[in-house]
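So this first bit is one chain, no partners, the form predicted on its own, shown in structure tokens.
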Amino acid sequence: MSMFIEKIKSEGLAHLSYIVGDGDEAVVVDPRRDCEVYIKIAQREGVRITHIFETHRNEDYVIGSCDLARRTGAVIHHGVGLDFAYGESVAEDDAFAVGDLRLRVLHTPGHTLESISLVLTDRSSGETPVAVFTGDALFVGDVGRTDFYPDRKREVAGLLYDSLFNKLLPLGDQAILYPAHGAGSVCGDSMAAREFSTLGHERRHNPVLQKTEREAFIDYKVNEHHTQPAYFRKMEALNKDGAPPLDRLPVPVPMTPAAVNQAVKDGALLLDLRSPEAIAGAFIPGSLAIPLDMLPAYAGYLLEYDYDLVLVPEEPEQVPVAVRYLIRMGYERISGYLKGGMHAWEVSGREYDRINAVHANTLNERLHGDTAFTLLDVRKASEFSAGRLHNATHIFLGDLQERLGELDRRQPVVTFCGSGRRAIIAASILKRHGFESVEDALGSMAACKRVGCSIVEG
């Protein structure tokens, strides 16, 4: 069989994993939890998976190493410096053959202390590195975050500098870059939209790699601001001790409105996956709205692990997609979904609520009028500082549930974000917690720019 490298992208989390093969063997780098995809590729290519590499203990998703090893007999490897409850540790310069390919281990700490990278060479054509799997040390357009050791900020930022400039970049401009995440991941703020690059291109064009002076690099990393969703702690524990087996994905059962109503009485949370426009038009009181494409980014901020979830989809086809998103973050208590969607709820005669939408022109007029209201901007701090509307109150969406006490319940609240998708999530949170006068700005900043709202910069 010919040599191959196949990238597997897990949408939403923007997680990138890889299967690399030659001859009759293959290895997998940073597998996702729903790991059947690697087995299918191996069967297609006529290879057996012999090794599984974890570039670091991941914080943003449940890694699938244990399940994949159980199904294939492969050996799991990870870096030294962390007491994993499974697998085997590897050290600097340990090497593994896969046919004519060779993977050599580099210890590249900084993002985490046990982080490793894997240097790929083709022994049939020499020892020059062909590619490198960098985990969360180096991305396309960015580098790994270093904020997981708050008491050792300068030290770990310095470790990342050394890993980048003294180990990775010296591999040569020709080496292809294979990172563990792409744009949209919470593991970096400025990743490029493309998922292909070389070390040479990054050395010349990656903005962070232009900070070639060690102290300047450290200062930059220390002063970065990243959010840490609460679910990170759950992921860290699962990925250190090994996630429980996942023989199959949960299959939520279709539920009647009466069954959904009873589940809520029994403590389940209704999770509305529909579009912002649909949610604004009619939603079930007490539900939490997270449009499906926003689920990987914000479920970890807003959902707990100790209650059942009942889904409210736009179409039944959304249910298995949501299940994969949730399972990858460790949410397994997905008990059912509302059969027939909101229409079934409406014709059952049960109560529903709605959220008024505010057009950008109307919002602009209010901002320059005498109407007292709170404009709640729930974007990231970097977005808010880059441009905001006059007198906006800023609370990042991931922090909103803990900071509701900062808002004046006597005033109407208009939720606002970049395009309206996060605004509807914020509006549903406010509604769930008893705020009576809540509206959301569909289109939000994107619409405001189109119609000429006055934007404050800096």
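It should be emphasised that the depicted structure is a prediction, and the values quoted were computed from it without experimental measurement. Numbers follow the displayed sequence, beginning with 1.
The form predicted together with another copy of the chain exists for this protein as well; it is not shown, and the discussion that follows is about that form.
A heavy atom within 4.5 Å of another copy of the chain in the predicted bound form is found for one listed residue only; from 261, 228, 190, 361, this is 361. Exactly one listed residue, out of 375, 98, 90, 342, brings a non-hydrogen atom to within 4.5 Å of another copy of the chain in the predicted bound form: 342. Here the chain stands alone, but in the predicted bound form its contact with another copy of the chain, taken as any heavy atom within 4.5 Å, falls in 244 to 252 among 228 to 236, 244 to 252, 215 to 223, 74 to 82. Contact check for residue 453: every heavy atom lies farther than 4.5 Å from another copy of the chain in the predicted bound form.
Among heavy atoms of residue 421, some come within 4.5 Å of another copy of the chain in the predicted bound form. Taking the partner from the other structure, another copy of the chain in the predicted bound form has no heavy atom within 4.5 Å of any heavy atom of residue 8.
Contact annotation for residue 305: none of its heavy atoms lies within 4.5 Å of another copy of the chain in the predicted bound form. Contact check for 3, 176 and 314: all three have a heavy atom within 4.5 Å of another copy of the chain in the predicted bound form. Along 323 to 354, these residues reach a heavy atom to within 4.5 Å of another copy of the chain in the predicted bound form: 337, 339, 342, 343, 346, 347, 348, 349, 350, 351, 352, 354.
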